[in-house]
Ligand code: AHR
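Only one chain is given next, in structure tokens, and it is the form predicted alone.
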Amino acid sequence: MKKLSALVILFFLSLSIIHAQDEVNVVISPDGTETISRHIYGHFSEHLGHCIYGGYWVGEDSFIPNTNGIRNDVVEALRKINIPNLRWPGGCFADEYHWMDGIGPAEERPKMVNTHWGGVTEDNSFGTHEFMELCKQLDTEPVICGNVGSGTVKEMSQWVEYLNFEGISPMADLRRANGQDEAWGVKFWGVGNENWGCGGNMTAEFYADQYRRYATYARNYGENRLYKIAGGANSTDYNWTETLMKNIPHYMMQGISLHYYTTNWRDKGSATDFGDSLYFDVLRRCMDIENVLDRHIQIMDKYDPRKRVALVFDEWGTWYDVEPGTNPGFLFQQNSMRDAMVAGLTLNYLNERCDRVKMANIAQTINVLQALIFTEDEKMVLTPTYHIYEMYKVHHDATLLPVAFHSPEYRYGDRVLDAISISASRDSDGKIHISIVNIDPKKSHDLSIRIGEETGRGVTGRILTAEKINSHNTFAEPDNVVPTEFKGAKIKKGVVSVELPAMSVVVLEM
């Protein structure tokens, strides 16, 4: 049960006595103090596989409809979900990326080997100007990850100057010579990526010192203030978080990142060819996110009780075996109803911790890992995960409303998980939205929801569900898993009754 006031808990307990035991009684406090930052619903796109090339970027001469080389269909789809930020150029690629290779005339840009992802040639035709054009078309905030692993302090410092300085200087003049008169005013800045691994195989102590050095020369220009994000821990490496929180002055960093992938690293399995056992296992690993987040937050609270430093969950999602016949270095996997469950659960967890979690980025936006969009030549299809983001956009910058309930059990053999996850918020118009996930693939549940003493005038909803746990969308069948109107909710005397189907994600609006 989540923490609420004693009065609300007593009311909740009284409801438990009144109603039948098989009904899930939910109490939502009408009052909240924390805001769910829209940046929790952020995205991540790396130079990996067909995420950038063929995903966003096709070039101005492509037969695929585009604006300045960027696919129109992808931009339209991402604008529909109000994408709040986009992290680039990596990922592991960031710490071998030298930004000056990606500016100037495309035909003069040097090529490089993408050693992390498939050993393919990177021609640098998509660089800083193209990324900033993409962010402009998406109406989203850029999140740039700088190179600490193989780069220099000077290189990162000059990139910030190139992007953000309005005056006369070598980098600002170079930007103007490349066709951009005004500074872009980039705010979010990652100082390295996974520096415990592909970003340099550093110790936590060494990286903390490097961060202090690199961050010092990542300057603020004019009124723009960088939101500097330290490269944080790999999943359960709590020592990494402790070391950074202890050794980096808090005024030098506004965020510290965390990466957690829902996978079995020894045997990832197929994205679509799985049964009930592997379905249960993936959902169990997803639910571990709650404990991992809380352990890192406890460490941050120890050193930063005022919560000045945000937790930035900037890589998360499912990771399976690649689809048969595809380049193993391109990390292309299908996306099923199971992935929609992972997305719904994870976003609910992040909402609940919005006092500390201020940004998150699912990996990755297009054609890679838990993608929202697949493209193939001129074709595009939206995945079940995309539809979760479209349904959940009602939580952007809304006020979190505390929720209390006892979840029924989802059993598989002798293993048990909570079947239901719930998050609630109130938007600026006063509307209340409730996102509900039932991971049980076979059992429906009845919910009774009361929101303090409020009596809503009506309730509407949408639902994402499917026939099978591995149902997914393809180019030939793009609508196998899509949201539909939810008719299983009604309101009477201030109580919302919900008939929650098995294996479903529902978002209600009051």
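From 1 onward, residues are counted along the sequence shown. Please read all numbers here as calculations on a predicted model, not as lab measurements.
What follows is about the form predicted in complex with ligand AHR, which we do not show.
Under a 4.5 angstroms non-hydrogen atom cutoff, ligand AHR in the predicted complex lacks residue 148 among its neighbouring residues. Interface membership of residue 303, defined by any non-hydrogen atom within 4.5 Å of ligand AHR in the predicted complex, is ruled out. When contacts are judged by a 4.5 Å heavy atom cut-off, residue 261 counts as touching ligand AHR in the predicted complex. Ligand AHR in the predicted complex comes within 4.5 Å of no heavy atom belonging to residue 221. In short, of 293-301, 339-347, 314-322, 70-78 it is 314-322 that has heavy atoms within 4.5 Å of ligand AHR in the predicted complex. Contact with ligand AHR in the predicted complex, judged by any heavy atom within 4.5 Å, is made by just one of 434, 134, 372, 369: 369. Residue-level contacts in the predicted complex: of 423, 257, 364, 385, one residue has a heavy atom within 4.5 Å of ligand AHR, and it is 364. If you take 326-362 and check each residue for a heavy atom within 4.5 Å of ligand AHR in the predicted complex, you get just 331.
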